[in-house]
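As structure tokens, one chain now follows by itself in the form predicted alone.
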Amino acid sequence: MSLWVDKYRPTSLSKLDYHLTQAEHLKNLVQQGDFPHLLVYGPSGAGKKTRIMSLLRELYGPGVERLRMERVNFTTPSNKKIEITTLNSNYHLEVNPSDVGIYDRVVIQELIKTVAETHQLDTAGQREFKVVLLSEVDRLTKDAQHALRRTMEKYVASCRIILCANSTSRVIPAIRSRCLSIRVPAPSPEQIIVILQNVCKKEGVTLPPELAERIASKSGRNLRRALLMCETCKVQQTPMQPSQEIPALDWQTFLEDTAKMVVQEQSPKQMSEVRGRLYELLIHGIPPPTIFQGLLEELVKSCDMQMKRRVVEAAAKYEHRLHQGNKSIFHLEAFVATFMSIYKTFMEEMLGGM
């Protein structure tokens, strides 16, 4: 049994539920002879991957859905062995180069070269090029992005690159100028409500309008999260009730508890425990900006207006540094340490003045 988010994922451009004008533009793009490199960007849960896979199906047909997982080995210039997992079809390859950290440049150069030099198994009626889909391009190092720019130019005759990113702010201008940029905005709460109602109708479940509105609001316009919340509500209580509780995601609860620990005690020992919890969140794939936002939202609940300003300034400073660097734990930890210092100083002044 598959989750609703996978079970009801649209498989073609004609079946998309929102941003229909954009879907028509993508269909026209496929019908034109010259298919460009693409940079698809937008917030998490907006439907970037769904649109990309629908676009590939429009290009090559249902063959792109017959996927196989492969492990590819590379050797770095320093003779270090690295391994990365790819998803392949006969027509495209999907990979997240940032999984290998600072060695992403090697993966990009070797992988795209291999794909570009390998002919398709079935060329009857298909395109003359294969597609390489690179996820989380905004997390690539600058060296990897410059290598990608050179590789895009070298193999343009036999290979097209589709880049997927949450934001273009960390993608170098040389890459942006070589791609057709496509922004996928987050769906509106009204669109999310309609999709939830349609999915529940297909499942034979009644979704109260009040509950649908609350789910759409709590999801933060993330459609993936909204569908997961809705399915969880259905599992917990059937039939669903307008006033039933919407369970928080495990990582959100974990993050809230971490913020409470920071407020409860400001000491080196507590800092060490918080660092371990931050590592746990990162290991389980929670994006650092999401951790920053969640921490800030919880921490400012314990601050007065003057303190809030200082805490928000510190969060902005360290989040900016996080986007400039690669080791996110350094900047998360620095923000927590700064908050502890601000909060402890404030409490000592309060107690001293009494």
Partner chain sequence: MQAFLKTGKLGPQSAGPKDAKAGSSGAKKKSAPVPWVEKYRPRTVDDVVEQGEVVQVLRQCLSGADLPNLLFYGPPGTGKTSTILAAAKQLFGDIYKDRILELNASDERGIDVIRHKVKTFAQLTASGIRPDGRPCPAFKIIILDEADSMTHAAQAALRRTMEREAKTTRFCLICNYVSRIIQPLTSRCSKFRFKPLGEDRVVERLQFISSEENVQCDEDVLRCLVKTCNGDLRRAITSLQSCTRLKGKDSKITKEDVFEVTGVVPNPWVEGVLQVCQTNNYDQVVSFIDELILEAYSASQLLEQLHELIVLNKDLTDKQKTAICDKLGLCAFRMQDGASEAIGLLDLCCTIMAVYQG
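This is a predicted model, so every value here is computed, not measured. Residue numbers count along the first chain shown, from 1. Rigid core here is just the name for the largest C-alpha set that superposes within 1.5 Å across the two forms.
Separately, the form predicted in complex with the partner chain exists; it is not shown, and the next lines address it.
Partner contacts here mean any heavy atom within 4.5 Å of the partner chain in the model of the complex, and among 238-246, 256-264, 91-99, 109-117 they occur only in 109-117.
Contact with the partner chain in the model of the complex, defined as a heavy atom within 4.5 Å, is made by none of 49, 206 and 229.
Put simply, of 281, 133, 200, 186 only one has a heavy atom within 4.5 Å of the partner chain in the model of the complex, and it is 186. Using a 4.5 angstroms threshold between heavy atoms, residue 60 stays clear of the partner chain in the model of the complex. In the model of the complex, at least one heavy atom of residue 168 sits within 4.5 Å of the partner chain. When the partner chain is considered in the model of the complex, residue 69 lies well away from it, no heavy atom lying within 4.5 Å.
At the 4.5 Å threshold, heavy atoms of residue 128 reach the partner chain in the model of the complex. In sequence order, 292, 293, 296, 300, 305, 308 are the residues of 292-308 having a heavy atom within 4.5 Å of the partner chain in the model of the complex; the partner itself is omitted from this view. In the core-superposed comparison between the shown form and the other one, residue 305 has its Cα shifted by at least 2 Å. Positional change of residue 332 between the shown form and the other one reaches 2 Å or more at the C-alpha, relative to the superposed core.
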